[in-house]
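Below sits a lone chain in structure tokens, taken as the form predicted on its own.
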């Protein structure tokens, strides 16, 4: 039987999502737990790979089991094994055509910036930002990235295709927190973190909007900007409709 589960996890406790030899990863822990339930090896496929330190509220994975188990029972059994740093939010059976990655219509990421007094207990979950933060400048810069673009200058590593589409970047103020909410079709390695780095560089006056615009419009334009830390990034939602 084929199942789909939505999960959340604390990325500070794992060496990323993807299974790695001799490293504690989200995929590795889920596969070990499912192997116990299935009494045999289980391979999972995720909607996306999060890097070291990146968190999730709404990651989605699918897998096959050798027998039929009610989704609610599977949810409870799996959660009892993978907690405390992973939780199972939803579980359901899906048909053979469903794929956690290839069936995705859009994704949502949230980047959290803390602009209050330094708090070591928040360090793993926010970008601690001790400079003035002008949300109007962040919104102005966000407009540059909306739409369909070649994001080559904002992606780490080699790919055959760097094309993607960002539907919206919303800047939300919540007391001492500023949230950058990204909604789009395709997000590649370090892409959100590199865009956040560009937005903060513009906020600090270290780069002008014309240079960022050229980085978006000209994939051959070689210009480096900082990459924002992983600890403020959350994979918040996967949409299949």
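Since the structure is predicted, the reported quantities are computational estimates derived from the model, not experimental observations. Positions refer to the first chain, counted from 1.
Although it is not shown, the form predicted together with a further copy of the same chain is what the next lines describe.
- A residue is said to contact a partner when one of its heavy atoms sits within 4.5 Å of a partner heavy atom; residue 86 meets this definition for a further copy of the same chain in the predicted complex.
- Using a 4.5 Å cutoff between non-hydrogen atoms, residue 157 does not count as a contact of a further copy of the same chain in the predicted complex.
- Contact check for residue 124: a non-hydrogen atom falls within 4.5 Å of a further copy of the same chain in the predicted complex.
- Although the partner is absent from this view, residue 102 stays clear of a further copy of the same chain in the predicted complex, with no non-hydrogen atom inside 4.5 angstroms.
- Proximity to a further copy of the same chain in the predicted complex, taken as heavy atoms within 4.5 Å, picks out 114-122 from the listed stretches 91-99, 147-155, 114-122, 67-75.
- The single residue of 48-69 lying near a further copy of the same chain in the predicted complex is 55, the criterion being any heavy atom within 4.5 Å.
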